[in-house]
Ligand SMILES: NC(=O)c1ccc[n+]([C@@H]2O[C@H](COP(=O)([O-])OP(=O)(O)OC[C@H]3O[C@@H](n4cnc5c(N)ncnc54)[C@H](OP(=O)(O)O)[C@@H]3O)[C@@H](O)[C@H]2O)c1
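Take a look at this single chain, the form predicted alone, given in structure tokens.
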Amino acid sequence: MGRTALVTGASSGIGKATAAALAARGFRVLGTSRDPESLKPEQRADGVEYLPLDLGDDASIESLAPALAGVDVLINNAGESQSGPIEELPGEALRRIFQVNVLGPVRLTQLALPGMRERGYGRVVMVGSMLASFPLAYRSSYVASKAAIKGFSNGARHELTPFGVWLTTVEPGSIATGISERRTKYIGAGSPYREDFGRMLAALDRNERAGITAEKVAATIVSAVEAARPKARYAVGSNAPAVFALRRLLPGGVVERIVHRRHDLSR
């Protein structure tokens, strides 16, 4: 095939599964990790070359410029999952999630696009979240970051398609990847939101444990990469076809109540 793909966050979950799937299909795959030298054998996908990347560090992002110049496929998967009532989210936490989930991936995309455009072929996949389409209380910072990255992808699609470069967003629903153990949480000791927040988190963890596998999301990402004309959005998991159809048919307030009841929030 002769194509080169770069997958961020390739040492676990969706990133690792995607890197392995692309390597199995003949791509040369570069995977990123904050500290590749510390990865255990089970954290490495077969056939993947690992590079260091910290999306919170601009210098780390820029250091990937030489590699990105030769990349045909960029999977912006790495990110942070964050929860907390909007009233209590620290400014530094907000700045970090937008740096890691939005500004970092956009900059990686900017570094990859010139080479893709000149070669007349490119695929950029933003791994978003169905929460960008179905917002959830106490997840506002995460929802906003995923909505922002989808906005960049949707807005820039037409700029690049004349050059054979396609931008798309894959929106997973609940995924059983253990992300609940890594989610950052911000809630005050005496917070008036604590009881509601706790119910939401317990439901979120429960739904994720029952979610689809990372390999199923990876298969959707590979389908988007290999499509002749990738769609703007692919959704997978959480009964995506049915729930997106319902969103088109039902009033917005009804959809909001359904989302919140699924997470044990009655209001």
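Note that this is a predicted model, so its numbers are computed, not measured. Position 1 is the first residue in the sequence shown; the rest follow in order.
Keep in mind the form predicted together with the ligand is missing from the figure; the text below concerns it.
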State yes or no: in the model of the complex, is some non-hydrogen atom of L55 no more than 4.5 angstroms from a non-hydrogen atom of the ligand?
yes
Answer yes if any heavy atom of V100 is within 4.5 Å of a heavy atom of the ligand in the model of the complex; otherwise answer no.
yes
Should G115 be counted as a contact of the ligand in the model of the complex, where contact means heavy atoms within 4.5 Å?
no
Can you check whether S140 is within 4.5 Å of the ligand in the model of the complex, heavy atom basis?
no
Have a look at L89, L136, I175, A144 for me and say which one sits with a heavy atom within 4.5 Å of the ligand in the model of the complex.
I175
Identify, from the list G104, G84, G122, G128, the residue with a heavy atom within 4.5 Å of the ligand in the model of the complex.
G128
Answer yes or no: in the model of the complex, does the ligand come within 4.5 Å of a heavy atom in every one of T168, T220 and P230?
no
Per contact check vs the ligand in the model of the complex (non-hydrogen atom within 4.5 angstroms), the hit among 55-63, 222-230, 23-31, 195-203 is 55-63
What residues in 59-89 sit within 4.5 Å of the ligand in the model of the complex, counting heavy atoms only?
N77, A78, G79
